[in-house]
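What follows is a single chain, given as structure tokens, in the form predicted alone.
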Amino acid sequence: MMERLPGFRDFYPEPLPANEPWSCDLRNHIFAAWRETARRYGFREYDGPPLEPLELYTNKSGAEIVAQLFNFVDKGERAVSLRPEMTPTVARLVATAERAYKKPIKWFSYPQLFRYEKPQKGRLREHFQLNCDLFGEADPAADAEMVALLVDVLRVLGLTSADFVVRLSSRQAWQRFFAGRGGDPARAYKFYQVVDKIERERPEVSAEKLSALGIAMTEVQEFIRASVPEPELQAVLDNLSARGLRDFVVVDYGVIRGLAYYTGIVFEAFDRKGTFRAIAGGGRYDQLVQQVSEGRVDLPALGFGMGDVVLAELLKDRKLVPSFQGKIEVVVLVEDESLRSESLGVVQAVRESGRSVEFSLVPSKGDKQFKRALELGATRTLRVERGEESQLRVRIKDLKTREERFVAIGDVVAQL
């Protein structure tokens, strides 16, 4: 038996086979929440190719990222990669066509992304990810808008402030901290990387790395412990308070985000119990469009990503996964094979009216067809019959009340 590749998933419709945890119905439920909430915030959907020039990622993240990518040389001798994230792609799209759109540009997508790394809990070699990005607005009000969108996406799925929290931080605050202690600007990103891993690294290792940068571990720990909101963060907090969303956020300078392109406010969403990896993360990246366009376009920008793997696990943990049933509304019973052609006409007409319809593709006993209708959870059965003077009619049966009525075959759609 051929098996799927490690770190990849099969998505089955409910009910799921044994030992297959990934539900296509749950995935679509998450997608619907993503799309509808983004639409309510005025975001427009976009997409890009799953294969991009390798240079798009190495220019942004350095040559070391190549080890994490599904990359190869194509038949045109081009170095390419399956996309590991969407931000460079959307930055490229906006840099190419920003003059065609009024600012701010608010776009979203939920692509499938790929990373060649060891599969682990909450992180696979592929996942789907909601990406929401806003271009052309530098004011902290835009940052608040993005955090509010993140919060509302999770609320739509049934999660509350008791389930998750968004931790807000600021690269600018850390930059001022680093510069105020004589830090070399050329080594600022190394400093950010140490801070980003400080919760996961052994204290003595972090202390040694910070010491090499001329920074004391105790000062960093105190700055994180205090987490006093600086002006740009206070503006976001005030904005979210006005929306009634203050309970969903905290200022936490322990968050700094490891990616090099972040320039301002950054944030991550975590479950309150601390059971899972980050649910979502993002921030401001005001220099990326300029970098991708090689200086031709300069637009402030920010965005976030939310993956489906951790989110699905969190919904399962909180018992927030709905019951997914096949939504068959009508079953057409074909008990008289001499009327199969007429029955197929009814099937087609009812389907064209927008209802879901099932019927037996091959001759089958009437009781077996009726049992199948009950298994599918249908609300009605239809059966074409010959009435008085051989006139064709349709027997409509309501499976909840068991009431029956007859209508002319040409009136069945209207009568439903």
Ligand code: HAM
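When you see a residue number, it is the position in the sequence shown, counting from 1. This one's a predicted model, so the numbers in the text were calculated from it and none came from an experiment.
Form predicted in complex with this ligand: not shown, discussed below.
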Q) in the predicted complex, which of the stretches 299-307, 225-233, 161-169, 98-106 has residues with heavy atoms within 4.5 Å of this ligand? A) 299-307
Q. So which of Ile256, Val151, Val346, Ile279 reaches within 4.5 angstroms of this ligand in the predicted complex, heavy atom to heavy atom?
A. Ile279
Q. Can Arg123 be called a contact residue for this ligand in the predicted complex at 4.5 Å between heavy atoms?
A. yes
Q: Mark His127 yes when one of its heavy atoms lies within 4.5 Å of a heavy atom of this ligand in the predicted complex, and no otherwise.
A: yes
(Q) So in the predicted complex, is this ligand close enough to Tyr261 to count as touching (4.5 Å, heavy atoms)? (A) yes
Q: Using the partner position in the predicted complex, report whether Asp317 sits within 4.5 Å of this ligand, counting heavy atoms only.
A: no
Q.
Just to make sure I understand: among 80-104, which residues lie within 4.5 Å of this ligand in the predicted complex, judging by heavy atoms?
A. Glu85, Thr87
